[in-house]
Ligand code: ADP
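In the form predicted on its own, a lone chain appears below as structure tokens.
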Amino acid sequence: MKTVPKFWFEPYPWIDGDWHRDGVTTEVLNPATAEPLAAVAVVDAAVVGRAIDGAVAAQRDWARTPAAQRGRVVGEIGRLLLRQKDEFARLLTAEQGKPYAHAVAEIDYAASFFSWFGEEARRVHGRIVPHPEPDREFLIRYKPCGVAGLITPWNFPLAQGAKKIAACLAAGCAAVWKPAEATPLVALGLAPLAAEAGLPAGLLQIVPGSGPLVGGVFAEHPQVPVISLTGSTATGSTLMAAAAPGIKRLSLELGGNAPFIVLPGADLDFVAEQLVRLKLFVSGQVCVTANRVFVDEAGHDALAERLVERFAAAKVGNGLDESVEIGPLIDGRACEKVGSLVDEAIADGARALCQNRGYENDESLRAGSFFPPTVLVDVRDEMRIAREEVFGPVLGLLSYRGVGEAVRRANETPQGLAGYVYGRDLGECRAVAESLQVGIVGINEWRPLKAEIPFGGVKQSGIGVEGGEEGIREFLDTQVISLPVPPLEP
């Protein structure tokens, strides 16, 4: 059994390169045991304003710092993060609940964004465009926007921050980061690393606190031109409305309802192995996880049998136990929400083939927020469990008769974040993938997200992208200068 590491940071907001040792505190709990981990001080509006003011002052010099130098600092944060991988992973597991192996993967994923954008910093450049009039030309420049307000969720509390922070700093901007209320510790743990990497004070401000309060300050403050949020569609809509009077630039990664289409003749053993890895990753609390599994009538029962076998055998428990494959949900309210979706589906005619309650035999887990890994069949499109995002270890199978029908039904949702296609004929797989109205598709791959590629949703799943060469552009303004061509002396 792993243990919670000793803190290398203080549980206070990080303002202008130091801990702001003041404010009302709130308890952070381990969702596996409900035991308190720390009392963290939360900010009020005045402290958020102070953080923004400090970021504005620091950003002026940072914007003039050579891109290569900015990139070295950003990349160094990632290297220091990997040096402390085990401590971060244990803290992340204790705070969020995910199994230790999943936490290690998140640290690697987070570090990859610091590495990627550390390199991308020097690749931001303008261009010269010919002018239609003689003796003139256009200079196109990309300039840092200024201060960005960053809001991240609890399911990937470090990686989601890393995506935004790395791109923001590489672009020459300053970041004011509001981590999720349930998981502020791993965010605060990043502060000393940024300082050790050489990041000047004020460029990364970390302000734990209420989402509506901090988000409201971001939306209203005239010195925050950019807001980047990863959260629910409802939260994104609320933030858009609040930011509208200031015409803020918004980057939003919002909710999903990912279709997972199993084509006729697919290798069902491979499909089951991949689907279980995807759905049980972070206990199903992932915006890109498979939400609706479409399988043809001929393969339906055989796939269901394989899924039940794997779900029933998975070990549920405290993620600090390295033999555990599935941890708790983030809190009791999450369990209630997933439970209501499952109960309603069963009342409407769905059948539960598996509900793995093995954790109930462990006294140490009685107070934890666990939900039984569940396999449902006879799920229909009109059920709420097929229309809403299910943030838990629940698989619902929907049968189809023709591939065209599966694609049509997959697209009949206002969300468009991710999708998956599994089959033997890669030509057919690609045709189906290109027909899906989503931002990213994995063909025979359960986790296609990488720092090297842009990721974002369509429809109500978001605006803008993170990662890839495109991700840094979320923090850059475009300026065009029309100027005379200097005359060449004879």
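For clarity, every value in this text was computed on a predicted model and none was experimentally measured. Just count from 1 along the sequence shown to find any residue number.
A second form of this protein, the form predicted in complex with this ligand, is not displayed here; the remarks below concern that form.
Taking the partner from elsewhere, no residue among 59, 66 and 144 has a non-hydrogen atom within 4.5 angstroms of this ligand in the predicted complex. Taking the partner from the other structure, this ligand in the predicted complex has a heavy atom within 4.5 Å of a heavy atom of residue 229. Taking the partner from elsewhere, residue 259 is found to have every heavy atom lying beyond 4.5 Å of this ligand in the predicted complex. In the predicted complex, this ligand lies farther than 4.5 Å from every heavy atom of residue 225.
This ligand is not shown here, but in the predicted complex it comes within 4.5 Å of a heavy atom of residue 180. Comment: 147-155 is the region of 402-410, 309-317, 147-155, 128-136 lying near this ligand in the predicted complex, near meaning a non-hydrogen atom within 4.5 Å. Listed residues 416, 372, 396, 215 were compared with this ligand in the predicted complex; 215 is the one with a heavy atom within 4.5 Å. Screening 246, 192, 211, 339 for any heavy atom within 4.5 Å of this ligand in the predicted complex leaves a single hit, 211. Contacts between 233-254 and this ligand, taken as any heavy atom within 4.5 Å in the predicted complex, involve 235, 238, 239.
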